[in-house]
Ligand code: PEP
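Single chain ahead, written as structure tokens, the form predicted on its own.
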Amino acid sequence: MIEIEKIENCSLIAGPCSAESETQVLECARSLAKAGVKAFRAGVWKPRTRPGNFEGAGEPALEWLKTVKAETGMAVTTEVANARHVEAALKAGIDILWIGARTTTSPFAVQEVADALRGTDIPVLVKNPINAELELWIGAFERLAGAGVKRLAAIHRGFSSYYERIYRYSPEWQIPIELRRRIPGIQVICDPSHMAGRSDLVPLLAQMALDMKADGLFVEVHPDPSQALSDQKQQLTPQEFCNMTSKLVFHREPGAADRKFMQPYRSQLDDIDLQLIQDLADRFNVTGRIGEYKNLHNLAILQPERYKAISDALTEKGKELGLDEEFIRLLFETIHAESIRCQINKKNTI
């Protein structure tokens, strides 16, 4: 069991994607401090997909964050990806560190950061890996906890996907839900900026995150996003940020009257869920029989034409019934993958 201690001042963290200049950083920080933000974020070192892009101002920018802290009283946080970053950030008195999605993907890099943090008590936020690999995310927390870091929290910033989507990174809300189940007590902070990829979608995703009981928000804010050196399209102006936060709804816990109203509907859902489980069991029983036939008659287990025809038909039917097309596709992909597994098991046991 990973021991987790709560991190203070992380319910609302905001600031630019990159610390580009002292003027830009301080202008943004002053605006956010006036809006009541308690923690300021800015990337000092920026891992970029392609070389030649702005990769951060480096260590000199840590001095700008020190000035922000001294002038506004806000806690300051930046991303670290290796031992050198950790050493410089700790020396500069940075209050909170975060590990980016690309770093989380590499166990070697996470272990290097964990080893560099051994013996410290600084809070660390860990972004999910780029791809939807829950075990990698959990592994990062295990490595940090193994080095004695106890004040840990997750940043949910969405996941890459091979299919077309509305958002830059698909939310895949079920993954942070499962993370909470696997690591009880962990705080999950949502990064709606990376998830959206577009500033106009950030408020929508921020509210969705709160609806999913996110413990905080991690938002990119820039004094002039059109001039930003990284992630121009997804950053809010300070005014847009204030407009968003003024409209966010923070939910209360359900009371007795709420539970009484919902109980009949929850009972219906329980019955439907049990029927779904029975239907799936019946389906995979039929799948097993088909697998036996394919094995006896030397047929390939995967039948792409059949799979495409069923997938298209079910997606179309789902749309007619008002179901989300992406949801139907993902659901059937999961069912089909399990069907293939069942047929392979039948082949190996015959």
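Residue numbers here begin at 1 and follow the sequence given. The model shown is predicted, which means the values in this text are computed figures rather than measured ones.
FYI, the form predicted in complex with this ligand isn't displayed, but the following is about it.
Quick one: which of 212-220, 265-273, 238-246, 177-185 gets within 4.5 Å of this ligand in the predicted complex, going by heavy atoms?
In short, 212-220.
Ok, P171, P123, G100, P203: which has a heavy atom sitting within 4.5 Å of this ligand in the predicted complex?
In short, G100.
Name the residue from V25, C10, C342, C17 that puts a heavy atom within 4.5 Å of this ligand in the predicted complex.
Looking at the other structure, the residue within range turns out to be C17.
Would H194 show up as a contact with this ligand in the predicted complex if we use heavy atoms at 4.5 Å?
Flag for H194 set to yes.
Can you work out whether R143 and this ligand are in contact in the predicted complex, taking contact to mean some heavy atom pair no more than 4.5 Å apart?
Taking the distances in the predicted complex, the answer for R143 is no, it never comes within 4.5 Å of this ligand.
Within a 4.5 Å heavy atom cut-off, is H85 in contact with this ligand in the predicted complex?
Result no; H85 lies far from this ligand in the predicted complex.
In the predicted complex, does E79 come within 4.5 Å of this ligand, counting heavy atoms only?
Yes, contact at 4.5 Å.
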